[in-house]
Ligand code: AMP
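This document starts with one chain, in the form predicted alone, laid out as structure tokens.
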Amino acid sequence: MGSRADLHTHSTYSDGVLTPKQLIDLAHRRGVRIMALTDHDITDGLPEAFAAAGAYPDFTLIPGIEMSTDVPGNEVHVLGHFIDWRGDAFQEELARLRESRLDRGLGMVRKLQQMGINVTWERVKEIAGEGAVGRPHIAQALLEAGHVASVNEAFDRYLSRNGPAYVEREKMTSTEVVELLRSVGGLPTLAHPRDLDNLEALLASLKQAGLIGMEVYYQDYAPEEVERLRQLALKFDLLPLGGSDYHGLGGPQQREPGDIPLPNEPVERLFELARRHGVSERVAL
């Protein structure tokens, strides 16, 4: 049986395949009763998500976001839960980051074309639709054109940080993102930390900046990996949280909403922390 809560999901407003309504309908069918919509650098899907969640009296939607940050030699993702997402200054910062995603996406398509791989920017934008363009959209274009057999292969061969088509984009530091999320009432959580270098030093730095949680229960993490991360969360007094990171793109490590072993107890502590910070009212639109 899966978890009642899933704190990391994506819709068509970033790089997921389901609209916010479709995502919430799927999550509810699968037994999820608490869900965070955490699209990349964008909150435009939240009004539709709240409207859809209103059809289910037993369903709670947490307004969230996922933001990419830069550290030497790596990229760190931070989730923000219970964000006050409607502020002008916050939205202006997100718009700036999304613009850098567009520039990066165009640069990656040009690199692919220089390699003789026929993928067009027009098609990538069509796949993205109204969402913020991201690497998964380029991966889908590569798959559609027959250049790879899966989205995972697109990343492995071309789009990963060390791939031949990779292009850097403007990002904030991880500390800056944690501070930004706290400034809009958010409770920041370090996303998918398993493969990060110097994780303990990073946790110490981000904890000081205001980090409150870390994803411990995530996609295909093995029990021994979960336990290692759970012990680290205890060491740094962080909530051991988790999410499926559902995109709907398929692949061996992908999970459906709620298909993670996230216990109820840390989720309850997250809500208690939200109440203490006076942000629980932002659960409702």
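We number the residues from 1 along the sequence you see. Bear in mind the structure is a predicted one, so any value in this text is a computation, not a measurement.
Just so you know, the form predicted together with the named molecule exists too; it's not on screen, but the next bit is about it.
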*Looking at Asp103, Glu75, Glu92, Glu170, which is the one with a non-hydrogen atom within 4.5 Å of the named molecule in the predicted complex?*
Glu75
*Wondering, does Thr175 line up within 4.5 Å of the named molecule in the predicted complex on heavy atoms?*
no
*Using 4.5 Å between non-hydrogen atoms, is His81 touching the named molecule in the predicted complex?*
no
*asked:* Against the named molecule in the predicted complex, would Phe155 count as a contact residue? Criterion: heavy atoms within 4.5 Å.
replied: yes
*Any chance Gln231 has a heavy atom within 4.5 Å of the named molecule in the predicted complex?*
no
*Per-stretch contact check against the named molecule in the predicted complex, the hit in 247-255, 53-61, 231-239, 25-33 (non-hydrogen atom, 4.5 angstroms)*: 247-255
*Mind listing which residues of 4-32 have a heavy atom within 4.5 Å of the named molecule in the predicted complex?*
Asp15
